[in-house]
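Take a look at this one chain, the form predicted on its own, written out in structure tokens.
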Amino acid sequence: MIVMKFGGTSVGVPGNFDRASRLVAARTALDPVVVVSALAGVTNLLADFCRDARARPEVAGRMIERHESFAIETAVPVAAIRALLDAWVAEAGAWADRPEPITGADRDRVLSFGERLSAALFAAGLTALGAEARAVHAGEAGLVTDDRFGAAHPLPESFARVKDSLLRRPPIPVVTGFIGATLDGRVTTLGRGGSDYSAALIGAALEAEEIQIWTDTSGLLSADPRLVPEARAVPALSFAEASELAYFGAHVLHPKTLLPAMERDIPVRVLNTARPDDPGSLITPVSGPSDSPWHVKSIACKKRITAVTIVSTRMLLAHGFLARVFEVFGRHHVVVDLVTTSEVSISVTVDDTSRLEAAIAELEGIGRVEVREGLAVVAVVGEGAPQKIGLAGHLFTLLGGVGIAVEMISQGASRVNLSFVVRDEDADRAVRLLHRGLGLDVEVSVEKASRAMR
């Protein structure tokens, strides 16, 4: 059994929708379970509906027009989504005269319409090809979560419930990504990009042979192709390498996607819907070979980072100082990325600064606090790369040669990632320079790529 997840561009463009449907229909012997995102752009449209009361009549109409016209373009009977469109009309009408933003459980219920409509369209498309299929609401299929609306976490009992619900096939289940339900039946969402996570949870519950993420790139790449046009797919990665890339800016996978697969040792394959013959990237517990002499697989970058430094002479030879600092961050739910320390200071980087101000107010009682904005984290990822003798000296020589200042370095805590901080305006140049300077521009032979995928 395999799980095949298709993203918004895979199901939201008529040509890709047809291709994705045929990919599934051709794999019925592999007993597929399908997970789909909303059509491309629809979740943003629904978020606008929740945020801006004045735009609601227009957005409500655009939702209906988008899905009806898409059904016609893909030769799917509009009747297949009529009941859901009627439910959407009722939902939108209930908010027509209410001026307040839509939040919490109500917002999650509104956002769920994107995936629900997409699943109904895709199931109808499969049925038209002769592959019996049915649309399945993930929450109703057993994906139960807590009630942290907007960022819900699955409950442990989800695995058994999903297995009981989806184990009986055919028809092929086409499951909504991104959404679940509380134990009392209220719709929840897993956060943006959560459809990948849904696919991994379902794959783990069903003990799938493989989880396939079908997207608009041919795997995890050696760099962001918008920055490095010559970036290429990495044929084979370990879970640790792929997790680091997802966390530090590679947008192909949601950062949480790999956790359920890692726990069950289920391979994850990233493939391109528009180019299904490309080998893509295979992610397994063991790292594949690297073409870089430095053992580097990819360069990732996360921009708009803030660095916070706490300086205090009381830190010198004092126990408990770090615990006090991180207790403050933890209590205010501030997620820390990188950490460096000296005898009298500690520096951390923060991605989400929405709760940082309150944390800083407390930290000022511990020591002097310095905040620097407009920074970026660049991550050099590859199993064993940080331990490669000379790597750090080589890359910092490359950066220094073009005048890029390094603000902060994190090395030694991970066997797969050497990270450093530069100014935001230098980040793109740093990624391009290191991609070339670390040997990632070298073409991979088809034979070598094929061998790595076996």
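Start at 1 with the first residue shown and count on from there. Values in this document were obtained by computation on a predicted structure and should not be read as measured data.
Beyond the structure shown, there is the form predicted in complex with a small molecule, which is absent from this document and is the topic of what follows.
- Message: How about G193 - does it come within 4.5 Å of the small molecule in the model of the complex, if we only consider non-hydrogen atoms?
- Response: G193: yes, in contact with the small molecule in the model of the complex.
- Task: May I ask you to state whether S410 is within 4.5 Å of the small molecule in the model of the complex, using heavy atom distances?
- Result: Answer no; every heavy atom of S410 is more than 4.5 Å from the small molecule in the model of the complex.
- Contact of T43 with the small molecule in the model of the complex (heavy atom, 4.5 Å): T43: contacts the small molecule in the model of the complex.
- Query: Does the small molecule get within 4.5 angstroms of any non-hydrogen atom of N417 in the model of the complex?
  - Reply: No.
- Choose from 35 to 43, 395 to 403, 63 to 71, 421 to 429 the stretch whose residues reach within 4.5 Å of the small molecule in the model of the complex, heavy atoms counted. Answer to the contact question: 35 to 43.
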